[in-house]
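This document starts with one chain, in the form predicted alone, laid out as structure tokens.
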């Protein structure tokens, strides 16, 4: 008899159920991963929105990187200055948790990939809507994690600005994620309670659509596979979390740009994102003879040299620097003139908003705006020195802003002008 030229049932490609042979796939395995992601992604979404609020996008078009956000900005509020480490905590959790969840996300996508190839594509209108939400969920997850990781690595290869892309992508992803969680979470929790290692029966009494119909012999248990995923997450956590600390712990953050040794020693030997050379700051414009700070307010404009500023009442504050990429420093001792005192110098008796302009010639935040509550905080300074030493050029010499709990980019360096009450 002639040998059949038809492919074997298991070789007909991914649209054939027999193509998927792993014995690890199953509802219980997917449910465990899903519950972890349910908690983790919720925390990511909340801390991401808090980061967006910390930039004060409703205060001024200067800070607003998503001017067409519409109702998506319903939750925005005046970002507080207490506790002073607030942004360091929320953004550190956001970025570190996001990196640690990568193995869980990849394992979850791997566990459900056969569902993406089921035929027919839509058996009913309800099924079609579920498939569309699943595509939005998978696409949104990949988009958010990829753009976030690229931003942490300072690789801005995506089209357009990171802020609107990540913001709008987050809403699309979380909307699909929420719809998926409402549909699947009850079954997932029931499956976990059953704790069936085989996973061939689901808690809703239906056949397990994720289990392979003809699985290959197992080489590892499902609990072993979960242990491998958890180990990968712990490894990413251990090799990235250190960038939120100073000293030896920072050197453990080998997967992030701000891991490794501190950039230099001495009082100014702590992390920065951009150097004076990158920002286009020239030494001839920051010298004692050339540089003057313009302070504008209700009573007009005054111009102050660095010597004039040093002659005003000086105050100190212990504050960290925290960046959107998730890295931060411990408290540094800053000394300078209070912002509210500079506001009073130009006719403002109470705290008011301020528009800050830098000598920086390129970059998204060479101008920034601060709210009245930030200006009014006694720890908010136009800093002239740090840790007992004059600021270096890379840390903002001759003067820089330092505000408690504010994202690093709002702590403007190389300040040239302060305009109070103009927003």
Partner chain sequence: MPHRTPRPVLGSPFHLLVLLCSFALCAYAGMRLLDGDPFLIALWFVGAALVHDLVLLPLYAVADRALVKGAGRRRSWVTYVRVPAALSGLLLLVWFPLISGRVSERYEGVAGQSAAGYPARWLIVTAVLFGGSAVVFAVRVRWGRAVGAGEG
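For clarity, every value in this text was computed on a predicted model and none was experimentally measured. Positions refer to the first chain, counted from 1.
Not on display, but discussed next: the form predicted together with its partner chain.
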| Contact label in the predicted bound form: residue 286 to its partner chain, heavy atom within 4.5 Å | no
| field | residue 123: touches its partner chain in the predicted bound form, heavy atom cutoff 4.5 angstroms | value | yes
| query | Do residue 155 and its partner chain share at least one heavy atom pair within 4.5 Å in the predicted bound form? | reply | yes
| request: Give a yes or no for residue 213: in the predicted bound form, does one of its heavy atoms lie within 4.5 Å of a heavy atom belonging to its partner chain? | output: no
| task | Scan 136, 345, 294, 312 and let me know which has any heavy atom within 4.5 Å of its partner chain in the predicted bound form. | result | 136
| request: Could you spot which one of 132, 249, 76, 89 gets a heavy atom to within 4.5 Å of its partner chain in the predicted bound form? | output: 132
| said: For the interface check, one of 225 to 233, 332 to 340, 316 to 324, 302 to 310 should have non-hydrogen atoms within 4.5 Å of its partner chain in the predicted bound form; which one? | reply: 225 to 233
| Contacts with its partner chain in the predicted bound form - residues in 59 to 92 whose heavy atoms fall within 4.5 Å | 68, 69, 70, 71, 72
